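Here's a solo chain for you in structure tokens, the form predicted on its own.
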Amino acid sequence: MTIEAVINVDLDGPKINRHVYGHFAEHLGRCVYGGFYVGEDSSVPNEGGIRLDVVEALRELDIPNLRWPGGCFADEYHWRDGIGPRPGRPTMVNTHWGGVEENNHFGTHEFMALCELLGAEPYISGNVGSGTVREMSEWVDYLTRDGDSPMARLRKANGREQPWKVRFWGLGNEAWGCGGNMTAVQYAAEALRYGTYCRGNDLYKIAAGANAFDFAWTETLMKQVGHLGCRRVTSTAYHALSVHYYTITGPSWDEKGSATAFDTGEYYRTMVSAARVEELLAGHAAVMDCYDPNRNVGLVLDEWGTWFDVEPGTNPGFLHQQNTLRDALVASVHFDVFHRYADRLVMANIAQTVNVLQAMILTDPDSHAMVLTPTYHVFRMNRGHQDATSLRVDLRGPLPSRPVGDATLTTVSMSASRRDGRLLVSLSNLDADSPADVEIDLRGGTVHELGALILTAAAPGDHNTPRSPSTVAPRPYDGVSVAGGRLRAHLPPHSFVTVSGTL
């Protein structure tokens, strides 16, 4: 069966915010220490302790923003402990992740230096769980205020004369859980209080939103900034709501399954879980539309990705897992959904960038080798969608599907966009065994100078290692063509294909 679709390349959809390709770095395992930060005395090439090969690799993704310092860690982090001369900084115990001691050598100035090296905007999560309004307000001032205020003087004394530009501020994290175990009503009051006193020019404040499908949490927060059926947002204490959603395959949090040793049934259950992100975004967007039909308030999915059992022999609190072609297809499906909800979704942050959960990069603690994961390659192949105009994909018939337990999995996913005179179409075939053929009627423009890349491997469990770093890597693909205004693509089993051309 050939899948037929239509794309009107001259009919603009909503702009895809580049920040949906955002990243997340928590003080967790070897994400910061041993991942991004190796220290100035390391034999690994670094600038101010920041590992340069990691920076170079991430710059290839046009990384738009980086969320820090958590996560759960954010609500026990006190920013003043991470400024000033490093030898004088106090140590702390990371009670959330492995109970390890941290020396606070990676703090505010180091994070801002990392963002400058990456060319990424900082997204800072403040401490609402164990901190104070004053503490977070002063952090905003320390980073962003010019002049001769107390916090500006403190920043200058620590070596930074000019303020930084920090737009994105998270008002806590997972307030329903590790961020304070609050009810929605309790947190809503805290969000208003913290948002009121986090002052500055051009701040974009993000309230800690729901756990997955808790639509009531979203409604509680929306009631504070709008009224049912009203088109005017009545408060600017926060400008967006977050939500967290992880792709889980196993029967429970204690049995999430292996990242690499899985059968076809587990593979399909993973894809069903990943595809539910569309139901998630649709539900939260529908609630928000009731109170904000003009869509002034943004939706931020600032934690997403796969979560499997840790690799054998590693610290359970470090959340270190391998990354396979299966993870790459989870990412490609998410991005197609993100593009379809571009009118409400303003940011998303995969968890996490280095060495933790669905990482872009894995670094070996012994050899210091750096490995680019299959997920990294999806981000790179899709970077042309950043700040592009989304294009609607209209189907002429049903997409192929298969039953998976009580669910039905659609096995082909696609999205498209246009930017700077270029068309980019992303195509995923989730079927583990069968190929798919796609024919797209391109209307409203002519496409030429066609090029394509494919990401696939012998099996969905294939992955990259220091000894085999390119087992799963993109390569040029000749299984696509365009003639008579029709784009044709052959999609092998478990594959991700991007097709680009000049309009």
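When you see a residue number, it is the position in the sequence shown, counting from 1. These figures come from a predicted structure and were not determined experimentally.
FYI, the form predicted together with a small molecule isn't displayed, but the following is about it.
Please tell me which of M288, L427, V378, A351 lies within 4.5 Å of the small molecule in the model of the complex, judged by heavy atoms.
The residue in contact is A351.
Can you pick the one in L221, A331, L319, A210 that has a heavy atom within 4.5 Å of the small molecule in the model of the complex?
Flagged contact: L319.
At the 4.5 Å heavy atom threshold, is T373 in contact with the small molecule in the model of the complex?
No, T373 stays farther than 4.5 Å from the small molecule in the model of the complex.
Exercise: W307 in contact with the small molecule in the model of the complex, heavy atom 4.5 Å
Output for W307 is yes: heavy atoms within 4.5 Å of the small molecule.
How about H244: is it within 4.5 Å of the small molecule in the model of the complex, going by heavy atoms?
H244: yes, in contact with the small molecule in the model of the complex.
Decide whether I440 counts as a contact residue for the small molecule in the model of the complex under a heavy atom distance cut-off of 4.5 Å.
Although the small molecule is absent here, I440 would stay clear of it in the model of the complex, with no heavy atoms inside 4.5 Å.
Hey, of 392 to 400, 331 to 339, 168 to 176, 411 to 419, which bit sits against the small molecule in the model of the complex at 4.5 Å between non-hydrogen atoms?
Going by heavy atoms within 4.5 Å, the stretch is 168 to 176.
Quick check: do G71, E303 and L357 each get a heavy atom within 4.5 Å of the small molecule in the model of the complex?
Spot residues vs the small molecule: full contact, yes.
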